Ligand code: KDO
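We begin with a single chain expressed as structure tokens, specifically the form predicted on its own.
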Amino acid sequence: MQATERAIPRGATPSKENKMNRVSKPRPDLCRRGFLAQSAAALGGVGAALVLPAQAAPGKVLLRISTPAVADDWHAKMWTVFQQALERSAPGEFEVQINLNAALFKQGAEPAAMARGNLELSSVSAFDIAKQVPEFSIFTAGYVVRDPAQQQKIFNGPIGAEMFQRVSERMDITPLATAYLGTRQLNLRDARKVSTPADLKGVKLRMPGSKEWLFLGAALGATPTPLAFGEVYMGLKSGTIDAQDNPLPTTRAAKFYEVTSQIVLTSHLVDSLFIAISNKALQAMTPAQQQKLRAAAQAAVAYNNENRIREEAQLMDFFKKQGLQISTPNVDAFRKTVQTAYQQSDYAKVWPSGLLARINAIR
């Protein structure tokens, strides 16, 4: 299961395939020219995908990056910051190749590619990590991480070190830094007073169609309804669903504000992405190079986090101008109800003893 969903503009359709291209043989000279032209075009734009040969210049450390992020996403732009930070601290030592739009590996396939040594760097979600390190699922549960500030304290402290060590041992990749992915809020088709989970009883809340997401929807007090992301807009418009949950930037990008009346700031899931590197690549570096790599990763997530938080704050005014009501429920009541649901479930059985209490104690 993936933690993020890419908003696709409504009405977009694939381009028609040229029938002649299906039967004619490609000319090697034209293919090569096309590749070089695309590479040159990519080099001209900040954050553009650099799909280059998997070789570095002599004496340089090759760092191939694969991400599904699109060029205008902060999670794409942060890789340019990473690249620039490395070039400043270690000029000429690294060759960083940035591949956006899942051009190199599809979303979710990156951890296996890194473990095999076919990829050096990527951003990995907590949900992808939890597939192989089940105790990491605590960071996919509702109301565990409170806000972006606590998120950084958790993962930059002893808890992060302990959990990242488990990831390194079992997945053969090492998380370097934690990027803020966004805080999920509720978006209601028809406005209502929402103070506690009891106020969401009977609300058909669209959730991604996996058992983990559906459990979270039920814990929030709603009736979780699985629906593909591309169907959410029409589902809200027609009344097939009553609500959806996503970070505010996704709500704007997908134009859900056009078919809803209210945003309830439940802040039920503060999500993360982890800049991670293949252990094989990391261990091949000198200690000095490793230190510079980690510093570049921290610079990248600091850039992402600052801009993501600022964007979410600005969106409040945007939604108000669109006529939506903005309300804040009794978040403590939601947190208590949701955490109790998780603690009584099978999910919590794999969490390290005392870890939830340690996380809750971080302010």
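All values reported here derive from a predicted model rather than from experimental measurement. The numbering used is simple: start at 1 and walk along the sequence shown. By rigid core we mean the largest C-alpha set that fits within 1.5 Å across both forms.
Keep in mind the form predicted together with this ligand is missing from the figure; the text below concerns it.
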Inset, instruction - State yes only if every one of H75, L181 and F229 has a non-hydrogen atom within 4.5 Å of this ligand in the predicted complex; otherwise state no. - result: yes
Legend entry - Position in contact with this ligand when the complex is considered in the predicted complex, options F94, F105, W213, F164, heavy atoms within 4.5 Å: W213
Inset, instruction - Scan L273, I277, L248, V270 and let me know which has any heavy atom within 4.5 Å of this ligand in the predicted complex. - result: L273
Inset, instruction - May I ask you to state whether N304 is within 4.5 Å of this ligand in the predicted complex, using heavy atom distances? - result: no
Inset, instruction - Find out whether any non-hydrogen atom of A295 is located within 4.5 angstroms of this ligand in the predicted complex, and reply yes or no. - result: no
Inset, instruction - Verify the contact flag for S125: yes if a non-hydrogen atom of it lies within 4.5 Å of a non-hydrogen atom of this ligand in the predicted complex, no if not. - result: yes
Inset, instruction - Although this ligand is absent from this view, report whether A69 comes within 4.5 Å of it in the predicted complex, heavy atoms only. - result: yes
Legend entry - Which of 259-267, 286-294, 131-139, 201-209 lines the interface with this ligand in the predicted complex (heavy atom within 4.5 Å): 201-209
Legend entry - A253 C-alpha relocation of at least 2 Å between this form and the one not shown, rigid core basis: yes
Legend entry - Yes/no, G209 Cα shift of 2 Å or more between this form and the one not shown with rigid core fixed: yes
Legend entry - Large Cα move at I241 between this form and the one not shown, threshold 2 Å, rigid core: yes
